Each structure stands twice: as C-alpha cells, then as structure tokens.
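Shown here is one chain on its own, the form predicted on its own, set out as structure tokens.
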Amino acid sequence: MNKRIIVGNWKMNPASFKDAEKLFVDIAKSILYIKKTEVVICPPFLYLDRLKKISRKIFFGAQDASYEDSGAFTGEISPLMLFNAGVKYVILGHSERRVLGENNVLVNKKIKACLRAGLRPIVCVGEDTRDENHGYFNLVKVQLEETLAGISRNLISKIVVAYEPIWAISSTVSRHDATSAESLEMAIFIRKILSDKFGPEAKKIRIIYGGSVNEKDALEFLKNGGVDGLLPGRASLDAKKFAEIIKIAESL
C-alpha cells in the first residue's frame, strides 16, 4: 500500500532564503518521528539546493519544469537539472500555470520529459465552476485523458493526480470551501477514468486533494474525501499548521 503524501506548495514565498530556512527547519523539527507519511516541500527554485542539506526526511518537489532537456530556452529549468539537484517530485498543470496559457498538450509534454528524467509528476486537474448539468466531470475527464496521453502503464505508478477545484483555492475571487463529499465524488470519478485508461495499474496512482486545504479540514478530507494525501498551499507556509496536517495524516 502506498504511503499517504502531504505536499506543501510554497508558490512564490517566502521572500528571502533566511525566512525559507526558518520555515523549513521548523517543519523538519516537528516531524522527526513521522514514519507512515511521505512529506514533500515545493519551494521556489533558488532555495532548493540550500534547503536539501537541512533534512533527509523531507522530499523535495519543484513547482514547474520545462519539457525540454537543455538548450536555448531562457528562464526555463529542465527536468534533468531538477533531478540532479535532488528533486523527486514536480507539480505540473497547476491552475495558476494554466492561467498563464499552459494547456493539456503542454502539460503532457512536461509529464513525459519529467518521467524520462526520473521525476515523479504531480498532475493537477480541476474545474473552475460546478454547473448544474455536471459538465465539470467532462472537463476533468478531458484534462486526464489529454495530459496522460501516451504514458506507459509501466510508469503510471510514478504519477500523483492532484484534484484542485479552482473555485476553492485562495486566489480565486468569491471562492468557497469544498466539502469532503465533493472530493469523494471527484476521486471516485478520477479513479474510474484512470482505470478505464490504464487497467489494474491505475490502482497504484495516488490521488490527493488541494484547494485551500488546511489543518482544520485535513482530517475530514483524508478520512472521507477518497484521497491519499493533500496539497496545501497557504497552510504550508505556517510551520505549525503544516506540521499539524502531517500529524493528522500520520495518525490515520
């Protein structure tokens, strides 16, 4: 059975390495005895190399990657660079990247490049609204089918699918909280799509929930949301809150 996984997405925070180091050290100190839960921190790129020297218990993830291995691509970071820097996971297809123009075809290319480099993609899917006709199911289905097109069944166990409804994330105007029932509904649907596409191997894929999850609702999502872990954003920038989420996962 796969371990539960808690992934902290720091996004474009903190503003200095000093603050990033303090946050990371505080988190590392609070989870010294964690055994059943995989903990991943995804800091800004420039902090990765220095933070990895602090703790071996926490795995590192990147917040994005290029689909190119090398070359004249100003500002890009290749999957191989990330792998050589000690990164294990990489978030791909996040809604905040899609707002900038990223689409399913591009995410698919990034997934393949990251798998070639030995990284484990955390593939984000999720609808921006929930309509009465349940069209959001088809949107998520298309996201999954197009982003995972051409992925070998032999590699599918390395992929994590993150369900992150855009209407629930903190940066969305007029956002509102998602419920564990809504998470469960989508987790069941995602597993059906993955099973149809990859057969029995789909059982090896972990599904996690994002969408402004915090220490107050983590237990509910983990117990009743049909997921194998969580993807906190804002809560991962508070060492006490993030540690509490990890301890909740560890207790189950």
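Note that the structure is a prediction, hence the values are computed from the model and not measured. Just count from 1 along the sequence shown to find any residue number.
There is another form of this protein, the form predicted in complex with a small molecule, and it is not shown here; the text below is about that form.
- Among heavy atoms of G211, some come within 4.5 Å of the small molecule in the model of the complex.
- The small molecule in the model of the complex is not approached by K241, whose heavy atoms all lie more than 4.5 angstroms from it.
- Although the partner is absent here, I159 sits far enough away that none of its heavy atoms falls within 4.5 Å of the small molecule in the model of the complex.
- The small molecule in the model of the complex is approached by E164, whose closest heavy atom lies within 4.5 angstroms of it.
- Only one of L119, V125, I169, L148 comes within 4.5 Å of the small molecule in the model of the complex through a heavy atom, and that residue is I169.
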